[in-house]
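In structure tokens, the next block holds one chain alone, the form predicted on its own.
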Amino acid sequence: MWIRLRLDIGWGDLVRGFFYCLKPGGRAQAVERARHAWSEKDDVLIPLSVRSGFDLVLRALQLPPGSEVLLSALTVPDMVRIVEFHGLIPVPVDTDENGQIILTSLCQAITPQTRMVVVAHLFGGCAALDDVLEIARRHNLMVVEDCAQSFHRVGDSAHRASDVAMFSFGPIKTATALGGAVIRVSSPELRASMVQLLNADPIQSRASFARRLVRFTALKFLSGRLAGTLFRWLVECLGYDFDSLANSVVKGFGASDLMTQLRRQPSTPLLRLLRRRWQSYNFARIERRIRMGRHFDARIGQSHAEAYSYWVYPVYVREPVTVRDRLRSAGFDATCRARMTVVAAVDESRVPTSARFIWGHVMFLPWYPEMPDEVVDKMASLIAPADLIAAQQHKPTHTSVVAGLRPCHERDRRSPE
């Protein structure tokens, strides 16, 4: 079976990670070398994860309790939990099947309490931001880009006009180092506050990172075709749900005491492994993934934007479970489950209808560069045109919404009295 959970890290990198756990000292040098391996600009910091970085942003800003944070309606649950932990209100902004912000939904979501917009670039795509930024600036909102799923080159700074951009190198991400993130912050004042907070946090221990290496080394072994098939069979024979187990074992953080886990500085071995990954990663893997995606698009009659990097391949189908079972019977570990959620609506006027619809009809395919062309073709042949649906229910009306921005759902932003 072609298991979907393949870690994008080689055996040599894992061995080097264990070596880094034994190599003493040099933390200050490791921090600087990692930062400069990403960019020579002095505008980034390296926290333990994107979640840690987002928490740092909110800790530094100290937004008034009850302030609203707009989130792409489809996001990871922990982002919602972090917003709520700070006494803030998460508000969904509807998206289409490609992760594009629906501008009418954005306008409708903004109230006098809104302070921030967090735009997630989903599945390897790149959400269009020019109009989003124009709306945000007119309403004096901070714009944060969550680029955890869209990494494609070292040194990427995302949109030049966004306030914060966050890149992840957690376990299931492209060029993973099994942890770590890059946070680009435009404001020197905000960045300085975040650095001060980060430096005061405890440091992830070497032993903790070594245990992480052991865990994901075992997972890498179990994700091979033969080992993965046997492991799945054993899990199901024991009466467990393989999808639930698969999603839980790749989690970067446990469900309990999330904030304590997030508020750690990355260990010195992790910083060294990040630098190694950025300097030695084979970007031909992403190019191969894109070629696979373009070919698969053509086979099933789909299309994606030119900048799409195909981190994963979601398909929107009428009967996800039926199509999933058909693929599994043919040896493809497709799933209808993922580690994401649709942000709950705060009131009836701000319901993410499109995101709810597409999330109810999505199926994810096993997807990684090692899959041969003939295997990709076979997988495509198992998805019939009749299976597919037009997931997008609401077209973004970019021009009309921006042109008529002032009366944007008649909710002009005013400073609280």
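All residue numbers refer to positions in the sequence shown, first residue = 1. Treat the numbers as computed from the prediction; the structure is a model and nothing was measured.
Not pictured, yet referred to below: the form predicted in complex with a small molecule.
Q: Spot the stretch among 343 to 351, 225 to 233, 271 to 279, 144 to 152 with residues whose non-hydrogen atoms come within 4.5 Å of the small molecule in the model of the complex.
A: It is the stretch 144 to 152.
Q: With the partner left out of view, is residue 76 within 4.5 angstroms of the small molecule in the model of the complex by any non-hydrogen atom?
A: Yes, residue 76 sits close enough to the small molecule in the model of the complex that at least one of its heavy atoms falls within 4.5 Å.
Q: Please run the contact check for residue 173 against the small molecule in the model of the complex: heavy atoms, 4.5 angstroms, yes or no?
A: Flag for residue 173 set to yes.
Q: My question is simply whether residue 50 lines the interface with the small molecule in the model of the complex - judged by any non-hydrogen atom within 4.5 Å.
A: Residue 50 belongs to the contact set for the small molecule.
Q: Check residue 168 for me: does it contact the small molecule in the model of the complex (non-hydrogen atoms, 4.5 angstroms)?
A: Looking in the model of the complex, residue contacts with the small molecule include residue 168, since a heavy atom lies within 4.5 Å.
Q: Considering the small molecule in the model of the complex, which of 288, 138, 295, 339 comes within 4.5 Å of it through any heavy atom?
A: Exactly one residue meets the criterion: 339.
Q: Between 132, 122, 177, 334, only one gets a heavy atom within 4.5 angstroms of the small molecule in the model of the complex; which residue is that?
A: The option sitting close enough to the partner is 122.
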